[in-house]
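One chain follows as structure tokens, the form predicted alone.
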Amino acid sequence: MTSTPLLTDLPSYPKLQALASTLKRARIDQFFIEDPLRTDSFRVQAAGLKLDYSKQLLTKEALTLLLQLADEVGLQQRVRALVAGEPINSTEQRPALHSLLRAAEGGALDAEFRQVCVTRERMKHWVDRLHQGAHSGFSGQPISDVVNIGIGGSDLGPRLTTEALKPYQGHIACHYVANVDPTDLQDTLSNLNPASTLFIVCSKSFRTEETLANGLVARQWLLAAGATAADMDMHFLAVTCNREAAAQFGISANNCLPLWDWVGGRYSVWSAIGLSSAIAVGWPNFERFLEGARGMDEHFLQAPGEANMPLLMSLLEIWYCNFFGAPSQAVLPYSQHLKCLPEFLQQLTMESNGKRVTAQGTALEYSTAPLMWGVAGTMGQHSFHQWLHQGTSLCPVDFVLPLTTHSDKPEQLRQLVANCLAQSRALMIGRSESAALSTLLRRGFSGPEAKRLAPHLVMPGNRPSSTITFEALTPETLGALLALYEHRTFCSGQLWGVNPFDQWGVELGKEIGAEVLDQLMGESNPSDDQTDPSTSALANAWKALN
């Protein structure tokens, strides 16, 4: 691959700067008055999802220039390189073949695809075996509970999928433990039966300290309940690249499912990392999940720029981050079953694109990867929506809204939908001081008191948002939604010129963590020169109580 030009060096960049400066004085609600067909012009659909981005501070001229920006960076060529298996992860000299994990055929990547198919069959074997009650624990009881032990990409994807597809879950309960805080595992195990519990230890390297620590405690829990070392194969599976380390832990090769170095953790829910969620919902539903993602892949590869949903969402991210200085973006799923989506997207976007140098190592002088955050449904309306409406920072919002519910309470769904649509409208139109004054007078305040309070009710509006809707939250629409944000993340990384497939920034904390752990274990002195006075004092405070 040729080197990526800096975003600020692209010919369309200064034109977009000038246009953004003008649009900062424009009003989104006025755009609808000027163009009655605006909603139709700023709406696309793909793989069962519909994106309405008409409430963005965006004109057709700006969109045209943003699409030119993508052309100038050679984005189509980079997409082709991605799916062709070129080493687009340049710092580690690896391809990034996560889309192959949900593909129906391998094409030029037939060798890798055969490995994927073999692993799918092994996943299906375990899912069917557990659902049929054919796999028992050390006492002969069939497995009733599965505990996924992982962290980061080995936890967030399958946890989200299991929670999102709760209406599709069968009789085997799946639980998730990620935090090395002992209470996470302890609280999870407190209501489980060791004789009928299966653990899936997910670690690409099988050296992740938090995961191994939790795995060892789980092993001791089984041994304390009467299992023997020879029984561990009845209670442990592993998903890893490092079968030797798994064997040292006590998990046989037959109980290890593979990963490959061309799958990044945050892109791995489609692989054997998703085994726990496949167990939760059953193999046919997991296949539907893969099919939904495949549909978004096909759209991403085939749709022209002006109708390409992942590309358009990426261009909006660039637009607000680099031309309006927005430091963050909120994703607000109006679905309790999607409550884990914001946390999943935090890792996907911020670990991928939270970089300060280009893929070639050149320091960047512009922002990348705005903070991603959010919570589900109406809860945020009673906490941070105050900041969204009246705060001093610009924060674009993605509303995510299923239009039907799996529950038997359609009247509550009606309330939920009304709240979602109202919030997107309120962000756009705001409330003027004269409208605030009229509102206070209607509430019975006197003229002077209404005038005094009116500024506090003013909301400037003009806060941009998009709304992603789909008929129902199904395995297919969930797969399409996650693939949508994966491709959006890739496009943004290419426009910023960073490598979205490495994560060197997580290493230093781990290295220092090992040093501090030695100090806490008494194997080195916390006052040694390699640490600082603050860290030494904090380590000594812990040692004084433990």
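Heads up: residue numbers just count along the shown sequence, starting at 1. Everything quoted here is computed from the prediction, not taken from an experiment.
Another form, the form predicted together with a further copy of the same chain, is not on view; read the next lines as being about it.
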In contact with a further copy of the same chain in the predicted complex (heavy atoms, 4.5 Å), from 283-291, 181-189, 269-277, 100-108, is stretch 181-189
Does any part of residue 34 reach within 4.5 Å of a further copy of the same chain in the predicted complex? Heavy atoms only, please. no
Would residue 54 count as touching a further copy of the same chain in the predicted complex under a 4.5 Å heavy atom rule? yes
I'd like to know whether residue 18 contacts a further copy of the same chain in the predicted complex, with contact meaning heavy atoms within 4.5 angstroms. no
Is there a heavy atom of residue 160 lying 4.5 Å or less from a heavy atom of a further copy of the same chain in the predicted complex? no
Option touching a further copy of the same chain, based on a heavy atom within 4.5 Å in the predicted complex, out of 430, 264, 137, 464: 430
Checking 196, 335, 119, 474 against a further copy of the same chain in the predicted complex, the residue with a non-hydrogen atom inside 4.5 angstroms turns out to be 335
Any residue of 334-355 that, in the predicted complex, places a heavy atom within 4.5 Å of a further copy of the same chain: 335, 336, 337, 343, 346, 347, 350, 351, 354, 355
